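Below, in structure tokens: the form predicted alone, a single chain.
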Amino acid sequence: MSLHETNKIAIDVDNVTKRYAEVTALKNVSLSIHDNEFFTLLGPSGCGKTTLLRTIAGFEGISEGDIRLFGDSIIDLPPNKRPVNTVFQQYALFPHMSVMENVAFGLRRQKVVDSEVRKRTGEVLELVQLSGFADRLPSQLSGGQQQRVALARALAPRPKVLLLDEPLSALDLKLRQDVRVELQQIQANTGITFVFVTHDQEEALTMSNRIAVMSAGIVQQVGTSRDIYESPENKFVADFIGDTNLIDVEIVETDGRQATCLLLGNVQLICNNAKGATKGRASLSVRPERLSLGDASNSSLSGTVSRLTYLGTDIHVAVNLEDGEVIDVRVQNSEDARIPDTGDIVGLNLELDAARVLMN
């Protein structure tokens, strides 16, 4: 996926703070979302991602800051005056209305003429692959089909921005995976800016142009999926996105880009990803797939296999170091894979560019 050629900013969130009595749900949040971008707000429950989405929609006011849509402030506009639509976690379809009537609802409220309503309803039903379901009631549809009706209803009035609040959470895993692909295709076909809220890291990584990782009302990092996964800026991002090993080290020498680290008091490692590092205590973030197992006699770092976890495509090997720290190694499941047994002493081999220094 690529951003729109003009790189125009669709949404500017400028130092937004949101307070509920003594609780601060958003703390000086600033970010820019591009036109025609699939942008994801990612974080654990209670991190502020849905609150931020609701402030963009107008369902929540803000305590401080500004929100601009294509350059114009919208904080004083009520929800029905903002050119955005929202798809909620619960689809909120009208049970007594047919699919066509549900999709047409927003258009009729805008007093669009009947001929245009029929034309536009047909277009969006075709877009979400439900043309043959126009006369059915929501109760006659599967969960995935209901989700697509909710999406069609939100798209029908041609919003400039579509907000999606965990719309896939009620679907089973296989259906979620299928709908992810459909959402990406719909966003690409319509060119509408999508702002997607999820707590699911895999969803965010696979669907997004860019991701904002949030925790405790603060945006921790904004970047592409690769940026977020390969180059986390702090321990929260490293630990929340996928699996990682956070290894305690002492930085004994650094030029701000490369660092010499001591592990277990005497094991020396050179880390190339050490931007901003200073001498002192730190952590190394190492993804399990960037480690490999070898002969303990030929490795500077070794440990004892304490657990094997079979996951089909790969096998997770837990290795206990002498200080009790557990390192997770991911071994690809193949005929050539050398899988140790529990209790074996193995060496740990680390790719030179695999570890990222994160200051404590």
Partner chain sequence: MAMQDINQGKNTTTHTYQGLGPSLLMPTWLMIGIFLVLPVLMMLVYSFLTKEFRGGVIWEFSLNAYDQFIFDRGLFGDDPPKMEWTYIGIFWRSILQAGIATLLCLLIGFPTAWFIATRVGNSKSIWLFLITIPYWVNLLIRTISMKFLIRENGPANEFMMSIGLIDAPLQMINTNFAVQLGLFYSYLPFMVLPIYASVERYNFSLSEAAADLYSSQWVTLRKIIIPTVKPGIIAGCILVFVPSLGAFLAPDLLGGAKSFMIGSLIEDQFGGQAGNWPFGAAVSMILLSMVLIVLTFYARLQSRRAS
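Please read all numbers here as calculations on a predicted model, not as lab measurements. Residue numbers count along the first chain shown, from 1. We call the rigid core whatever largest set of C-alpha positions still superposes within 1.5 Å between the two forms.
If you look for the form predicted in complex with the partner chain, you will not find it shown, but the lines that follow are about it.
Not one of K275, R330 and G347 comes within 4.5 Å of the partner chain in the predicted complex, counting any heavy atom. Interface residue remark: K119 is not counted as part of the site for the partner chain in the predicted complex, having no heavy atom within 4.5 Å. When contacts are judged by a 4.5 Å heavy atom cut-off, F105 counts as touching the partner chain in the predicted complex.
In the predicted complex, no heavy atom of V181 sits within 4.5 Å of the partner chain. Residue contact check for A92: one or more of its heavy atoms lie within 4.5 Å of the partner chain in the predicted complex. Heavy atoms within 4.5 Å of the partner chain in the predicted complex are found in one stretch of 169 to 177, 231 to 239, 82 to 90, 188 to 196, which is 82 to 90. With the partner omitted from this view, the residue of P138, G143, P157, G223 that lies near the partner chain in the predicted complex is P157 [heavy atom within 4.5 Å].
Checked against the partner chain in the predicted complex, the candidates Q110, S131, S73, T206 yield a single residue with a heavy atom inside 4.5 Å, and that residue is Q110. Taking 2 Å as the criterion, Q201 does not count as shifted between the shown form and the other one: its C-alpha moves by less than this amount when the rigid core is aligned.
Core-superposed comparison between the shown form and the other one: the CA of H96 exceeds or equals a 2 Å shift.
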